[in-house]
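A lone chain, given as structure tokens: the form predicted alone.
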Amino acid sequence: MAESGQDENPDVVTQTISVDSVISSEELAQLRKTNIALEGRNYELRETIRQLRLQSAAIESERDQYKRETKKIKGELEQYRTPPLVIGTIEAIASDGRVIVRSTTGPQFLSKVSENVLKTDLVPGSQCALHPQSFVIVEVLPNKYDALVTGMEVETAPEVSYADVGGLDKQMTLLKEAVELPLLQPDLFEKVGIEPPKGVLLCGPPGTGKTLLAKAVAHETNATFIRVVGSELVQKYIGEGARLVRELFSLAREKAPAIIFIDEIDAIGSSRSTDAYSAGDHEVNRTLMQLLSELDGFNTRGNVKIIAATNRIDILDRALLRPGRFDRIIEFPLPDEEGRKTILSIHTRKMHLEESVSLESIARETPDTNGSELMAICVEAGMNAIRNNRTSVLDEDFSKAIASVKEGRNQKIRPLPDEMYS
């Protein structure tokens, strides 16, 4: 057997080994190709998984955002479903911890206090929020003034100075002594040993410069100037007018030194009578009584001065006119000839007047004319010049203006034609 094995052909053995090696190389190359393909597929799958994970994270983030928005919308819907709270005013604190509250609708309630409300915040006079069903105090509101009251404060001083007021030298001096001097030099009154005037009432026909002089005071003084028209204090609901008066004086005391100017005070200060009243008259009288109390009551007014103006002093209540409330009454008559000349010089100082224009003659031609009508004459004279394509004003323009203003003042209002509103 060994001899037969030794006699085998070596060429055949070599050929067999080479064939086996060739097959192995092809399989190895194929395996390598398959491995490369699998690795590429594996990389694609891993990239796909990474993209899917990123998309999943984005979707989860978007889902969380939608959950937050849904929660917010549900909260808003819950607030919309919740009935509004009732506003009330704390009047007194009971011995057992409960609070007497007056609702804005009128009735009083003995209410309990929520645990979230601090006991130190329960001050009589402050506003609170009540539950609409149980009327439990759930919140004490901050003390804020009515928007109507805060809007009365004059933040920008009017562009009117004492130099713009003519023919009122005596009235100007009296007003300075009563209003400006106590604010600027209070030590003078302490040395003399007297109390400065608390209030000044300006009275006189319309157009004589009452409001104009008040504007000059607002311009010249550094004190807070609060302007209110008497009709603004007349409100529809019971007690609202009196509340506005209280808040008005409270704001003035907070911003002292301050000046309160009440224009057309006859709107709430008319004389009271025993005749039958309407509900509106009762409310006006309540507002007047609150004003009387603030002018001279138990509460100290502090460094707050009052200026009031009216052209119907004959209808004012006697309690309003007594000393202590209005210590000085200043009358504003129609200007005399010299006063009219001064007023005309003020209104014409920016106008281009011809040399023929004489303010003295214009003042003589306009007796019984107030300051507003004199200003209207100057404006009408300028309009006459513009109508004739001129930049300078002639004497004849003033003559036409005087005639036009007098005609407009004396002319009666004719009734409107029936077909105007048909």
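Every value quoted in this text rests on a predicted model; they were computed, and no experiment measured them. Position 1 is the first residue in the sequence shown; the rest follow in order. C-alpha atoms forming the largest set that superposes within 1.5 Å between two forms make up the rigid core.
Beyond what is shown, the protein has a form predicted together with ligand ATP; the following relates to that form.
For the chain shown alone, I330 is not a contact residue for ligand ATP in the predicted bound form, no non-hydrogen atom being within 4.5 angstroms. Heavy atoms of I343 reach within 4.5 Å of ligand ATP in the predicted bound form, making it an interface residue.
Among residues of the shown chain, G199 is not one whose heavy atoms approach ligand ATP to within 4.5 Å in the predicted bound form. Not displayed here, ligand ATP is kept clear of K305 by more than 4.5 Å at the level of heavy atoms in the predicted bound form. Only one of E240, D121, E153, D164 lies close to ligand ATP in the predicted bound form, with a heavy atom inside 4.5 Å, and it is D164. Contact annotation: of the candidates S250, S293, N311, T89, the single residue with a non-hydrogen atom within 4.5 angstroms of ligand ATP in the predicted bound form is N311.
Only one of 201-209, 216-224, 125-133, 107-115 places residue heavy atoms within 4.5 angstroms of ligand ATP in the predicted bound form, namely 201-209. Although ligand ATP is not shown here, in the predicted bound form the stretch 365-390 places heavy atoms of G371, S372, M375 within 4.5 Å of it, in sequence order. After superposing the rigid core, the Cα of R227 is displaced by 2 Å or more between this form and the one not shown.
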